[in-house]
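Consider the single chain below, provided in structure tokens and representing the form predicted alone.
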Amino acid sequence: MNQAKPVIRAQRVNPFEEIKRLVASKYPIVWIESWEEDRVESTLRRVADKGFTNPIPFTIWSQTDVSNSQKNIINILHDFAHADDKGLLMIKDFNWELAPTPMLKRALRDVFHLTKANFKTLFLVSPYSNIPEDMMKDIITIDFALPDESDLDGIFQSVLKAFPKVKNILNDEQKGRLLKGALGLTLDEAKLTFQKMLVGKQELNEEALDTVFLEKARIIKRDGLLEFVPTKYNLDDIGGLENLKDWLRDRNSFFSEDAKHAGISMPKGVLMTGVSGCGKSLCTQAIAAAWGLPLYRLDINRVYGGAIGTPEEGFRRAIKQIEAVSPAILWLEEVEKSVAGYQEGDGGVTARIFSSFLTWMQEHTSPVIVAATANEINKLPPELLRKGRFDEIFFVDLPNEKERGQIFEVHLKKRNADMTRFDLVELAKATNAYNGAEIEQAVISGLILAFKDNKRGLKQEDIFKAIGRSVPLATTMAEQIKEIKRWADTRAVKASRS
């Protein structure tokens, strides 16, 4: 089964209007991908009853429908194809095992050829589409849009009425964040989440947002393709990297309505490359905190491993999910490994996924910002690096002396150390060519030494001992680091100030 097929992306598009246009355009066969069978049925019924000047007959077939127990799907498709009247037919749980595949294909082709000149549309409904290559010209697929904020608000109000004893003290801004937080859930999932949020509560306050975010993270985690990452760090938790911080702060206002009216679009993405252990992953979390957006990490290994169908289908579903929960940040860690097969001349799965990713990055209009990190950026193909894909490419170098002092300060304060015992300048000088991770490890190792010595408090001497026992990465991988720096000199913006 070939997964490459024509797809109309209906994200953030009114499903009623989209389906109405397809029927008016005389599309013979439409496959609707959706878990929300009831919502799809309701929308199709509304199109049939109110979409046009005169109502259109609407029929549903299911394997468990007793009234149609004497008719198999071949009979149903035959009757629909040869009927004189216009109409809509919905087939629930469509799959290729409903009948012998050759006969089912023939019946669908009959529907296509006999109805393409009439206002008759067959809707195949299932959570996933799986169209054989020899049927791709006959069937078009749409992703049925998940509920928008207006839909979710309706569910939210109905659930509130069911809990009259709960006092709602959310202001408009908090309610807006609540509804945005629920984007990406089906109506049923949203209803259950809102009910869980209210059960046992006397008042509905801002803490309710945590329930929504955690529930959505749990639902998204089921596939294992996307992982919700709590943002534990902000820009103040990062030592140095002032150029990167300024760039992020400058764009914080780009998410406002005023910026939108001024014609300023949201950033599409930022790529951070550089020496391993210098804080690229930490920066990704800080970006999410600085911009107030949820962060989701894509597990590309599960995509290529076929955890959810074919790799192409897994990738498409991951993109569909991140668009559904947007605005959000999509984190691609060590992105060079994701396209390794492409670099090696793999003309198969990797090349197709990479091509789809490039097209999506260039053309998508959903508020999804890609935050990618790379240790070996020279392995990335030039197509990924050109403007229009990433707004900026930052090079995260080994911290300079001032930055090393700031990093020591962050980690010492984080562990409630007595700062009067430490000379940050001396510590910075002693750790020349150390990266941020190695500085943190020196503090941790010093704490262990202090604890072993009668559980006393950490002293500067403990950290010096830990430093003396370690060899920095810059020494063991000197040639590789020189090559990375040479590449970045003319191709990237330095994240640190000189």
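Owing to the predicted nature of the structure, the values given are computational and were not obtained by experimental measurement. The numbering used is simple: start at 1 and walk along the sequence shown.
Unshown form predicted in complex with a small molecule; subsequent notes refer to it.
Enquirer: Can you tell me which of 205 to 213, 417 to 425, 104 to 112, 233 to 241 lies within 4.5 Å of the small molecule in the model of the complex, counting heavy atoms only?
Expert: That would be stretch 233 to 241.
Enquirer: Looking at N130, N375, T310, Q174, which has any heavy atom no more than 4.5 Å from the small molecule in the model of the complex?
Expert: Contact check passes for N375.
Enquirer: Could you check which residue among L282, I139, L192, I219 gets a heavy atom within 4.5 Å of the small molecule in the model of the complex?
Expert: Residue within 4.5 Å of the partner: L282.
Enquirer: Would A437 sit within 4.5 Å of the small molecule in the model of the complex, counting heavy atoms only?
Expert: Close contact exists here: in the model of the complex, A437 approaches the small molecule to within 4.5 Å, heavy atoms only.
Enquirer: Hey, in the model of the complex, does G277 get a heavy atom within 4.5 angstroms of the small molecule?
Expert: Within the cut-off, so yes.
Enquirer: With the partner left out of view, is K268 within 4.5 angstroms of the small molecule in the model of the complex by any non-hydrogen atom?
Expert: Answer no; every heavy atom of K268 is more than 4.5 Å from the small molecule in the model of the complex.
Enquirer: My question is simply whether H411 lines the interface with the small molecule in the model of the complex - judged by any non-hydrogen atom within 4.5 Å.
Expert: The answer is yes: H411 has a heavy atom within 4.5 Å of the small molecule.
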